[in-house]
Structures are given as structure tokens and as C-alpha cells.
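One protein chain, two forms: both are listed below as C-alpha cells, the first as structure 1 and the second as structure 2.
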Structure 1
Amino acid sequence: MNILFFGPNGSGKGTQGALLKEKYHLAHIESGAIFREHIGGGTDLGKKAKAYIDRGDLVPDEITIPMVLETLQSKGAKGWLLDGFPRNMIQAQKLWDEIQKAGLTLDYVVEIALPRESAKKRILGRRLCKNDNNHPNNVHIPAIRPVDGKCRVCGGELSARSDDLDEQAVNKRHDIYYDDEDGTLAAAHFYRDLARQGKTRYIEIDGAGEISAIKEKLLAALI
């Protein structure tokens, strides 16, 4: 099973992705990890990407997409869940073209939908467990509020990412995601249009509510 995963920062996408990875034994492939592995491994694509990064430039799609595709084919031979890419309409179109050329299937596209203000509030209240970042803790959500300042799941120490506490940084990330003309949401809707043509299947899940309820809806849709 191959899944492309969309959702704004703060939607619980990482938590749900981890649950799917465990249930279906998928390779959970994140865009940031792809860059780190290629650059750290000194691959030809990694060297090219590093040259752009060292200059402070964005890595062009002509390098990024082959890196993504290579990782899907190598690490995701038994199924993959791609998270964090594509981030705009152009990347969505190019990735689809390359997936087709490579003979890969895209079984599902999942969008975790959440209003922007709700996602923002979740980010500002999010706390990370030192033992497992996927343990849900949020000071603004009663159902997953930390217990006595500790992780509600395992009692581990909690911390907050500095950019999670920076409202301007959160707004900047969401400006990119919620742009439904050229941004990440436009990329998601590109695949939604493909699903309407019968070329893949598109699942939209309401990200509001408890993690277990969202999980049940998501698993029920993956048939």
C-alpha cells in the first residue's frame, strides 16, 4: 500500500502517520529525512542538493523529486507513506508524472483537514515527549493535556520546539500550507482531481476530535 499524506502542521498528521506505519508496516518517508540521508550518505543527488543549501538557495525540483523517487523505490519496496512532499502545485504535478514513469502505484491520498485557527492553537500548545515525539501532549486540549507537566502517556519529560512557540513562524508555515492556489493545499487538491478521474483514491478526514476517533475513521476508509 502506497499513501501520500497531507495535513497542516498541528493537524495530528504525524501521529496518524505513525499509526498507519505500524499497522500496515509501511516505510514512513518524510521529506526532511530524505535530504538528511542523501546529504549524509554523500550520494550524487545529495552532493548536488548540499551545494544549493550551502549557498542558501532552495534545492530545485529537478534534484528533489529524483531523491524522493529513489527513496520510495528503495525504502518503500513493501509500501510507503510519503509525508511533507509535495508542497506546491508544480511539485505535485511533477511527482505524479515521475511516479507514473517509474511504474509505481499511488493507492491513497489522505488529507487531514483542520481549520487554520484550530491548527495554530494546537501548535502553540504542543509539547514533545523526550521518549517518543508521537506521544500526544497539548496544554490547550483537555483530552491530551500533560499530567503534572509530564507526558500523559509515559511520564517522560516534555519540551516545546522554539518554532512552535513563535507565532510568526507558525503563520509562515500555514501561509504555505493553506494556499489553495499554488501551495500545499493546491497540491493536495491536484490529487483529489485525479481521484475523481479514477486514477487514485482520495480520503479527507476531519482532524478535529480525539486521536482514536480519527484513527478509526481513517482505517475504515483504507479498504
Structure 2
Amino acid sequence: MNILFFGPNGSGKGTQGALLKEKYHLAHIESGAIFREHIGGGTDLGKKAKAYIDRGDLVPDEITIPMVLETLQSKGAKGWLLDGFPRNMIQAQKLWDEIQKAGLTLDYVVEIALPRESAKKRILGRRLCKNDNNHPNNVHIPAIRPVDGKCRVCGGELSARSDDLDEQAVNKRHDIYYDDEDGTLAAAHFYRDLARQGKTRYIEIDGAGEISAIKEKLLAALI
């Protein structure tokens, strides 16, 4: 099964994605996480990408597109859940061309919809557990508030992504996401149009509310 996952930063996409990954045994391919691995490893690609990421800008397509397509090929043979890509129309079209060229099916396109203000509040409060990035911790959401400053799931140390704490960078990431002419929502709607032509299935989920409720809605929508 191959799934494409859209949602603004802060919509719970990572958490819901982890659930789908487990249920369907998919390779969870997150473009932002691949960039962070490169930055952590001090690779050339990481050095090139870092300044863009720190500002909240998109990393140029010449870097991003081959990186994601290669990862899909090397890790996604048994099915993938792609998260964070595509983020603009060029990426959307390129991915669709590659899917068709490879003779793959795109089983679902999931969009987690969330108003911009709610997404911003969630992202500024998000904390990452050093043991597992998918442990949900957010200082602004009572249901998943850290416990004594530590991960509520495992007690691990928490940190925040520097680009999550920079409000200007968050605003810029959301400008790109909510742009429905050439940004990420435009890319999502490109796939919604393909679904209307019967070429994939598009599921829109309301991302407001508790994580467990969103999870139930999502699982119920998948056949």
C-alpha cells in the first residue's frame, strides 16, 4: 500500500502517520526527517539544506526531488507512507509522473485539515522525545502535556526543534502549506482532482480534537 499524507506542521501528521505505518507495515518516509538526518550527519546535502530549513523556506527542488525519489526506491519497495512531500506543484507533478512510470498505485491520499491558528499553537508547543520522535508531547495541549518536563510516554529527555520555536519560521512554513495556488494545499488538491478521476482515493480528516479521536476517524476511512 502506498499513501501520501498531507497536513500543516502541527496537525498531528507525524503521530497519525506512525499509526498507519504500523498498521500497514509501511516505510514512513518523511522528507523533513531525511534532511535532519543529513544535517546531523554533517553531509554535503545537510549543509546545503540547513539554511533553508532554519528560515522555514523550502529546500530547492533540485535537491529535494531526487533525494525523496531515491529514498522511495531504496526503502519503499514494500509500500510507503510519504509525509512532507510534495509541497508544491512541481513536486506534485513529478511524483505523479514517477508513480505512473514505476507502475505503482497510489492507494490513498490523506489530508489532515486544521485551521492555521490551531496549527501554529500546536507547533510552538511541540516537544520531541530523544527516545522516539513519535511520542506525543506538547506543552500547549493538556492531553499530551509533558510530565515534569520529561516525555509523558517514557520519561525521556525532551527538546524542541529550533525551527519550531522560531515564530517567523513557523509562519513561513504555514504560508507555504496554506498556499492553494502553488504551495502544499495546491499539491494536495492536485491529488484530489486525480481522485475525482478515479485514479486514487482522497480522504479529508478534521484534525481538530484529541489524537485518539482523529486516529479512529482515519482508520474508519481506510477500507
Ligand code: AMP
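Counting starts at 1 and follows the sequence of structure 1. If you superpose the two forms and keep the largest set of C-alpha atoms that fall within 1.5 Å, you have the rigid core. Note that the structure is predicted; figures quoted are calculated from it, not measured.
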Practice prompt. Choose between structure 1 and structure 2: indicate the form predicted in complex with the ligand.
Written response: 2
Worksheet item: Does Glu37 show a Cα shift reaching 2 Å between structures 1 and 2 after rigid-core superposition?
Response: yes
Fill in: Inter-form CA displacement between structures 1 and 2 at Ala49 - rigid core frame, Å
10.8
